[in-house]
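This document opens with one chain alone, in structure tokens, the form predicted on its own.
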Amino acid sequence: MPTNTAITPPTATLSNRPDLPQLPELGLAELQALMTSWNQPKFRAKQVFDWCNKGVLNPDEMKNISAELREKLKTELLCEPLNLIRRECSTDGTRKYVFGLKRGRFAGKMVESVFIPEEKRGTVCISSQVGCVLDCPFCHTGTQAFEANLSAGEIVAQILAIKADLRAEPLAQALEMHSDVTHIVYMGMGEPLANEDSVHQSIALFMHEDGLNISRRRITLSTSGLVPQIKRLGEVQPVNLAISLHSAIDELRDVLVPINRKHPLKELRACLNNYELAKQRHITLEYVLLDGVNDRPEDLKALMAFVNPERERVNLIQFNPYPGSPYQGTSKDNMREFAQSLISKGIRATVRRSRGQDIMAACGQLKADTSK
């Protein structure tokens, strides 16, 4: 089992130049144009691109390019936009990574990402913002004020850093779990669709056939319900969609998911009915069960009425506590009964297994903590 690792971040020598392009956000065509402008052969772009997709962003480690080009990359680009500050390992194999930004006035701000291994897949939960623009009261991230949108390079760099770490120190064979990145979920810190341009750009980079080549079927974006942005996502990047629903009663959802005051359930319902779905795919409705809050008979009835069983499934989530939280999770027995009631009405419903609780890496627990 890998041990927890605290890392002293190197000095971000380029942090005073926020205008520098970031290497991880450059596609192959952009790298080719860059090499041409530097009077370098075009094939150098493919070499650099291949290194990046292996998780190697430090030009000094790109051994098949010249020393001159390595120095050019370090001078003209922000090659490593993130510092790995800390890695924590759960007893269940989950790894949480704490990254520091290097970019301009945001240098030193921190975000968290999580690698969740399973037998046949390895999923990375990535962040799209430092903090969050929303204030959902049951979410630990929501207690951290919004500080910055991540660039596409900073989003992609989370995946590349985790891939590199897993190659350097794979999961113990005894765990019998996947030790590479196969799936990506935008479920970390922040509201992805409030950082629309960078998120769209990062999705395109993840799916690039000469890059990581991750199928859109293996990418899931979770949103609290920004209706115009959901529509555009379906038109431009129709990846798997998850909705942080948590209540199908407007008055309660106004409290639990405040964006509902701007985009109420009727508007969200119409939007979901028109979201483009790949064959045999469903929208996931995420529902954290809170004891005495949204697990009552009237909540169940409202949820049953809201769900479109032909297009959606419900993912019931155990509430993961954090210091100072005003909520408690419903009991496991009540969760099972809630799920069975949905299933009895022909609604696909599952109870999500909580992972990484012992390192504050479970759903709703991410918050960049500078105290460790």
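In this text the structure is predicted, and so the values were computed from the model without any measurement. Start at 1 with the first residue shown and count on from there.
Separately, the form predicted together with S-adenosyl-L-homocysteine exists; it is not shown, and the next lines address it.
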query: Can you check whether M187 is within 4.5 Å of S-adenosyl-L-homocysteine in the predicted bound form, heavy atom basis?
result: yes
message: in the predicted bound form, does S222 come within 4.5 Å of S-adenosyl-L-homocysteine, counting heavy atoms only?
response: yes
task: Considering only heavy atoms, tell me if E286 and S-adenosyl-L-homocysteine come within 4.5 Å of each other in the predicted bound form.
output: yes
- prompt: Quick one: is C139 in contact with S-adenosyl-L-homocysteine in the predicted bound form, heavy atoms, 4.5 Å cut-off?
  reply: yes
- line: In this chain shown alone, the residue from R103, H246, H178, R95 with a heavy atom within 4.5 Å of S-adenosyl-L-homocysteine in the predicted bound form is H246
message: By the heavy atom within 4.5 Å rule, which residue out of V314, C52, L31, I317 makes contact with S-adenosyl-L-homocysteine in the predicted bound form?
response: I317
Partner-facing stretch of 188 to 196, 270 to 278, 163 to 171, 80 to 88, counted where any non-hydrogen atom is within 4.5 angstroms of S-adenosyl-L-homocysteine in the predicted bound form: 188 to 196
